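Quick heads-up: it's one chain on its own, the form predicted alone, in structure tokens.
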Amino acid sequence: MIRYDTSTDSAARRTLSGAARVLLALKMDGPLLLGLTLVSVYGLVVLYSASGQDWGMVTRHAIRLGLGAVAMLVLAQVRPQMLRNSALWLYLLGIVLLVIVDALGVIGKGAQRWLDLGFIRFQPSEMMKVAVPMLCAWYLNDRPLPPSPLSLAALAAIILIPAGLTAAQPDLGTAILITIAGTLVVLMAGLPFLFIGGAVIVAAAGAWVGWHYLLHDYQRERVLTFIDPQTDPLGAGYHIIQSQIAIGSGGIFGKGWMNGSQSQLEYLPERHTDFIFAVIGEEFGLLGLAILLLLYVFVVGRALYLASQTQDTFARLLASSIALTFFVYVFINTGMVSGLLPVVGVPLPLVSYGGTSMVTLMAGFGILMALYSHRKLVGS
């Protein structure tokens, strides 16, 4: 039998402190909010140094963090049923915006990724990091699990259409993250090893096709540079080499805040965006990197715990994808900065200077809190 346990909930509310009551009323999870706040504050401190003590850049970053926090708060109030009902429409809106971007988008740094509305400029591809897993979870919600071959074909189309439109901009990093976000939903739904093996074979064939027919020259250079950066130390390999020098020179305790030679003397490219992890390694050393990574582990662990407490297929799949996608952000950025992965332009979450990506991440955590806080049915 399933019922509402109102007496237990009322008793719990009476024992809560004032701050806990506020968080409960706002549908916010205190530990997860604390972890996100600590990472964000850490990022602001590092960004001040990485930007060359540019208060304007730090202020803009703080404002975007504030916008992300507002988005998280608003979405935490939304009921899961509303999220399910809006999944298809959000996905279709994103596809339309991606088509518009490919035709009329603003070009910057050789890529056509942005829509300029006059008062704001944003990347529609960022919203697909949330829309794709939402639609995948919606599609699987009323279907038997693990998914059938027909369902897998439909899910592949849901994932690959926006990923292909994003890769055409070109924006390989975001296309990879969209693909991963959707794929995580499918994996969490349960797949037999036969399907996983087949997917690996298909992915290998797709990689061969992509290498010869889809990747741009600069993207091929990134992969070749990852294999051996020294082949072009002043060109394609420059980023990775300087990043490794910065991280290695920091030692255990670092050179001190704002005392990093690679970053402060501008040897390290993109030091306030994609390669800010190297700035942390140089100025705060291994200890500083470990503290940040422990904060990330706490955020991911808490997010996975919240996901495990949700009580229907849609909520579990979507919440798990949001938590694991955040982990993938961290894994890819730290891997590419340290030379373990190719450079694909993925920011360090809540630390790298940026706009739409940061708001999207915070919005995702708002959805995760909504899925957790609105669970009310308990087994008797």
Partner chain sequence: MAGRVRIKDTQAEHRLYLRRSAMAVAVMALMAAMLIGRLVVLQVMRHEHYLELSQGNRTRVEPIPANRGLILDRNGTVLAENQPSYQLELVREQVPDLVAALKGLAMIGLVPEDEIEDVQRLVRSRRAFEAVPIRLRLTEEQIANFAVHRHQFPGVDIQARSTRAYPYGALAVHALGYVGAISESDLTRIDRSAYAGTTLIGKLGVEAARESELHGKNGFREILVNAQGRSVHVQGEFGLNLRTQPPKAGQDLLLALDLPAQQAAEDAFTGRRGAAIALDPHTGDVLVMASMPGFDPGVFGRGITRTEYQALENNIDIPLFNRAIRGVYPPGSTVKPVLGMAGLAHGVVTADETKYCPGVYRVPGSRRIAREGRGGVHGHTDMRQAIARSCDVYFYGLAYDLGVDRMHDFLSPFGFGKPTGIDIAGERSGILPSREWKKQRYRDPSEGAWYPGDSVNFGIGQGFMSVTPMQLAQVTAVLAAQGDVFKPRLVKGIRDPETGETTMFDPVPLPQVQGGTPEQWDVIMEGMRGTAVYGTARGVFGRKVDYAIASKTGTAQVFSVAQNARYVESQVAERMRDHSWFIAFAPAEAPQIALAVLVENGGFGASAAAPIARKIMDAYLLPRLPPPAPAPAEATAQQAAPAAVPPA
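Quick caveat, the model's predicted, so the values are computed rather than measured. Positions refer to the first chain, counted from 1.
The same protein has a further form, the form predicted in complex with its partner chain, not shown here; the description that follows concerns it.
- Not one of Leu32, Met127 and Pro162 is positioned with any heavy atom within 4.5 Å of its partner chain in the predicted bound form.
- Heavy atoms within 4.5 Å of its partner chain in the predicted bound form are found in one stretch of 303-311, 200-208, 91-99, 67-75, which is 303-311.
- This chain is displayed alone, yet in the predicted bound form one of Gln169, Thr273, Gln264, Thr179 has a heavy atom within 4.5 Å of its partner chain; that residue is Gln264.
- Out of the listed residues Leu324, Val351, Val343, Leu36, Leu324 is the one that sits within 4.5 Å of its partner chain in the predicted bound form by at least one heavy atom.
- A residue is said to contact a partner when one of its heavy atoms sits within 4.5 Å of a partner heavy atom; Lys27 fails this definition for its partner chain in the predicted bound form, lying far away.
- Not displayed here, its partner chain is approached by Ile252 to within 4.5 Å at the level of heavy atoms in the predicted bound form.
- Taking the partner from the other structure, its partner chain in the predicted bound form has a heavy atom within 4.5 Å of a heavy atom of Ile247.
- Within this chain, Ala154 is remote from the site of its partner chain in the predicted bound form, having no heavy atom within 4.5 Å.
- For the partner-free chain shown, Arg316, Ser320, Leu324, Phe327, Phe331, Thr334, Gly335, Ser338, Gly339, Leu340 of 314-341 come within 4.5 angstroms of its partner chain in the predicted bound form, judged by any non-hydrogen atom.
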